[in-house]
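The chain below stands alone and is given as structure tokens, in the form predicted on its own.
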């Protein structure tokens, strides 16, 4: 029976770690020669990742702290947990919507500045509240940029509150589109969202193409007094442009989970210390999801929710399985099949999927796969990693 070693770089929920069977898995923060690494926020870019590592599991959605390109070149899948913290973020976005609509933070600051011993305290409270009159959400338009798991939940709750919703996501999946409330108006561009929304909320990953997605040009399109919410990633918004837009009255508030240096102390900025996924439930859900995915990969070669590999699942029909990651180039399957035939292996079942430049193949054969076969397949040009996976 194969056994596996798991290195944890952050505190991972015990609800997830307990799903590793103790008889087969060694799990801890000082494990050497790990087969897989579990991580939350630890920056792995400068880390020397051991050659033994076959998979990375991120107990959360974002993966910008992981050197994905380098791991792809090694044939190592990076798993994440999309949607596991979606409800937690949705609830925080709802909190931010209400804070922005009702001027809650400046009202709190006003009360904190009052003298509790003042004889005219009640009069000051009544007089001061006039400057904090807000707006109600029904009838207001929420613009949603990014309509994945979180964006869809935010759209749903906004509509239930009586808001109108307009959304844009050029990369929306079929599943996400099915989950989206039918009353969400589909915008044709980010610019269209900025022009028509009273509140704008961002729910996109940080990629080169989304860095400073909201910049001075797009902020200039916003209605005067727009409220901008960013509970996605910090660099999606140009902080300097936001400060300028606040000063010009183009934005009324900027509510964010990312308190960058340019934002701290700004009167119309409400910045939280990255609380989006900071609930016990979200941490549990993320850990459970990513542990299950890593287990399925290590024990069966199955891939689900990888950010750099295609999803691949094949019901196991033999105790002898080979998993191969390779560059997506012609004649790769032919070369793999030839290497197996030369070794006298009869292929029982095979599935191959590709994603961009990456391809992944699972092969079930009718007899044990020796080290010589693994070395022969590894020697094929373009093959990045090979594993023989015996049945449990």
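Residue numbers count along the first chain shown, from 1. Since this is a predicted model, take the numbers as computed values, not measurements.
Another form, the form predicted in complex with a small molecule, is not on view; read the next lines as being about it.
Within a 4.5 Å heavy atom cut-off, is residue 225 in contact with the small molecule in the predicted bound form?
Although the small molecule is absent here, residue 225 would stay clear of it in the predicted bound form, with no heavy atoms inside 4.5 Å.
Is residue 238 a contact residue for the small molecule in the predicted bound form, using a 4.5 Å heavy atom cut-off?
Taking the distances in the predicted bound form, the answer for residue 238 is no, it never comes within 4.5 Å of the small molecule.
Is there a non-hydrogen atom of residue 175 within 4.5 angstroms of a non-hydrogen atom of the small molecule in the predicted bound form?
Residue 175: no contact with the small molecule in the predicted bound form.
Quick one: does residue 186 come within 4.5 Å of the small molecule in the predicted bound form, counting heavy atoms only?
Because no heavy atom of residue 186 falls inside 4.5 Å of the small molecule in the predicted bound form, the answer is no.
Within 4.5 Å, heavy atoms only, one stretch in 247-255, 85-93, 100-108, 114-122 touches the small molecule in the predicted bound form. Which?
Within 4.5 Å of the partner lies stretch 85-93.
State the residue from 266, 210, 318, 141 whose non-hydrogen atoms include one within 4.5 Å of the small molecule in the predicted bound form.
Contact check passes for 210.
Which pick from 149, 270, 76, 288 sits with a heavy atom within 4.5 Å of the small molecule in the predicted bound form?
Checking each option against the small molecule in the predicted bound form, the one that comes within 4.5 Å is 149.
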